[in-house]
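Heads up, the chain below is alone and in the form predicted alone; it's given as structure tokens.
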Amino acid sequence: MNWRSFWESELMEYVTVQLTYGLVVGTTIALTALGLTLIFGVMHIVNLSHGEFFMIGAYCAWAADQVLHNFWGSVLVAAVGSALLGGLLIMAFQRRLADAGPLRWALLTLGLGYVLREVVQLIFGTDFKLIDAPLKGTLPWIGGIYRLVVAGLSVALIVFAMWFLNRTRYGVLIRAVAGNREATAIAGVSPLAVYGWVSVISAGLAGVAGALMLPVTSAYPSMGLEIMVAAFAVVVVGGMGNIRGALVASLVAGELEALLTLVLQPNLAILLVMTLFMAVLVVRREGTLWLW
């Protein structure tokens, strides 16, 4: 085989473009999964409505763009809107269901997700909402410039979130409440206030991910369910409550899906990735937590 010809071939360029797309998918899943694992790690809530805030972020960005005609301003509106809505909804039930256990929270948020999907469908209808990417053009071996920007922004947000959690006073308080709520309450820190921050951050991360993906995938009512399946899978495989494991599993999922799409239909590629993740859980019930 002439390796030089292979590297210069259209096939190799298509592979690298798919790898870039896999990075976009992986970082988007990672942003969504970061919020999911954060709220579980701190509040011990299995939030099955988390994907709907991804969907709401996309719809908010589309609606804001119709008024502002500025995509980046619309992304900011979507991030703030989804963060506030998510924080209000979660905290509205927190006092009533404090220490209720993951199962009761899972049932509640499952119903909440259904309600949010129906409300969005009533307001916006069932048709796809799409806007043009704010950045046009493509790069050789990479593909669309906007997709590269989405991956870069997602990585930057993830790095910022990790810095916030590990290097700032508020991040230390969040980790302290996650580790020992009673001790931090005795020290004068309000766990309820920390839960409010976590709820807002969690929903905001999902919302900004949905807004950034709007020009790539469009907005539609079931998009939250699709991202939720992927995000929940990587959170479990990475180790429940383990942020680093969830991020690595997200990137692996995105790149595997992109590579399998080269030879399989997209739905089958996603099915194989999820099957592989289930196999990991069968072999090791704690996922890949032992790696971290």
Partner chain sequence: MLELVGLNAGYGAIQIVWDVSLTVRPGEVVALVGRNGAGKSTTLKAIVGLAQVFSGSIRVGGRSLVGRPTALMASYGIGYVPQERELCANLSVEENLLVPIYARRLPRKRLGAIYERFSRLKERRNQKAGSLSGGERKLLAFARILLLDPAVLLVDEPVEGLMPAVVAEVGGLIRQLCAGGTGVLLVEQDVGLIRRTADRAYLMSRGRIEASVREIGQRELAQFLGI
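The shown structure was predicted, so the numbers you read here are calculated from the model rather than taken from an experiment. Positions refer to the first chain, counted from 1.
The form predicted together with the partner chain is left out here; the points below concern that form.
The stretch in contact with the partner chain in the predicted complex, judged by heavy atoms within 4.5 Å, is 166-174, chosen from 126-134, 208-216, 103-111, 166-174. Out of the listed residues Leu122, Ala187, Val115, Ala92, Ala187 is the one that sits within 4.5 Å of the partner chain in the predicted complex by at least one heavy atom. Remark: Ala183 counts among the residues lining the partner chain in the predicted complex, judged by a heavy atom distance of 4.5 Å or less.
With a 4.5 Å cutoff on heavy atoms, Pro140 does not count as touching the partner chain in the predicted complex; it lies far away.
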